[in-house]
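Only one chain is given next, in structure tokens, and it is the form predicted on its own.
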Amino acid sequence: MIERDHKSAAFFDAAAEDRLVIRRCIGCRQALPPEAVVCTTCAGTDLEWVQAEGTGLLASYTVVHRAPHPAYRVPYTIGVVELDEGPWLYARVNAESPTVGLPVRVAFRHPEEGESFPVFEEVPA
């Protein structure tokens, strides 16, 4: 199960509202992944949360066949999504035939227990 802490609260609050947020450096405006605490461009530590478009390309993926926790049903796909804003995000991917370069868009899951979270789905052709 995914658990929030003080660093991730804004991310999970946004997911509960079907919004994907990422970090952005206030100094140089570089878009960063949600887990960022330092800007990779200017080393700034003043970061803000901003809404992402929620679209991108599948950069890499793997299929999980052994559940890390009994709550997870296998198999499922985990991928690295390169968001259109630039940062890479690790997330579940729902695609019939995942391939590198596949256009994806965000959707959200709202389990009965635990935090809401983003998943990426194939963009219909």
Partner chain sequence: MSIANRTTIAGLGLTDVGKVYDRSATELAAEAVRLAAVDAGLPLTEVDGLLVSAGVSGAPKLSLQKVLGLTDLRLLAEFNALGASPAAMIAHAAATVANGEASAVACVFADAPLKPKGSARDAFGKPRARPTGFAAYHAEIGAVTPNLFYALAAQRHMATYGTTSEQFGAIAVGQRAWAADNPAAQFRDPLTLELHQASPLVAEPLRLFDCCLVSNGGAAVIVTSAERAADLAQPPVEVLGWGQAHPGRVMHRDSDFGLRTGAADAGPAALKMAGVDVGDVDLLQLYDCYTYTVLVTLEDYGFVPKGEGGAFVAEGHLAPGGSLPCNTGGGQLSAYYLTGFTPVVEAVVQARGQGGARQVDKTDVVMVSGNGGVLEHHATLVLGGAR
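Between two forms, the rigid core is the largest collection of C-alphas that superpose within 1.5 Å. Residue numbers count along the first chain shown, from 1. Nothing here was measured: the structure is a model prediction, and the numbers come from that model.
If you look for the form predicted in complex with its partner chain, you will not find it shown, but the lines that follow are about it.
Colleague: Within 4.5 Å, heavy atoms only: does residue 117 come near its partner chain in the model of the complex?
Modeller: Residue 117 belongs to the contact set for its partner chain.
Colleague: Please run the contact check for residue 12 against its partner chain in the model of the complex: heavy atoms, 4.5 angstroms, yes or no?
Modeller: Contact check for residue 12: yes, within 4.5 Å of its partner chain in the model of the complex.
Colleague: Using a 4.5 Å heavy atom cut-off, state whether residue 84 contacts its partner chain in the model of the complex.
Modeller: Although its partner chain is absent here, residue 84 would touch it in the model of the complex, with heavy atoms inside 4.5 Å.
Colleague: Does any part of residue 33 reach within 4.5 Å of its partner chain in the model of the complex? Heavy atoms only, please.
Modeller: Yes, residue 33 sits close enough to its partner chain in the model of the complex that at least one of its heavy atoms falls within 4.5 Å.
Colleague: Which one, 59, 26, 50, 42, lies within 4.5 Å of its partner chain in the model of the complex by heavy atoms?
Modeller: By the 4.5 Å heavy-atom cutoff, the listed residue in contact is 59.
Colleague: For the stretch 79-106, which residues lie within 4.5 Å of its partner chain in the model of the complex by non-hydrogen atom distance?
Modeller: Sequence-ordered list: 80, 82, 83, 84, 85, 86, 87, 88, 89, 90, 91, 92, 100.
Colleague: At a 2 Å cut-off on C-alpha positions, does residue 64 qualify as shifted between the shown form and the other one after fitting the rigid core?
Modeller: It does shift by 2 Å or more.
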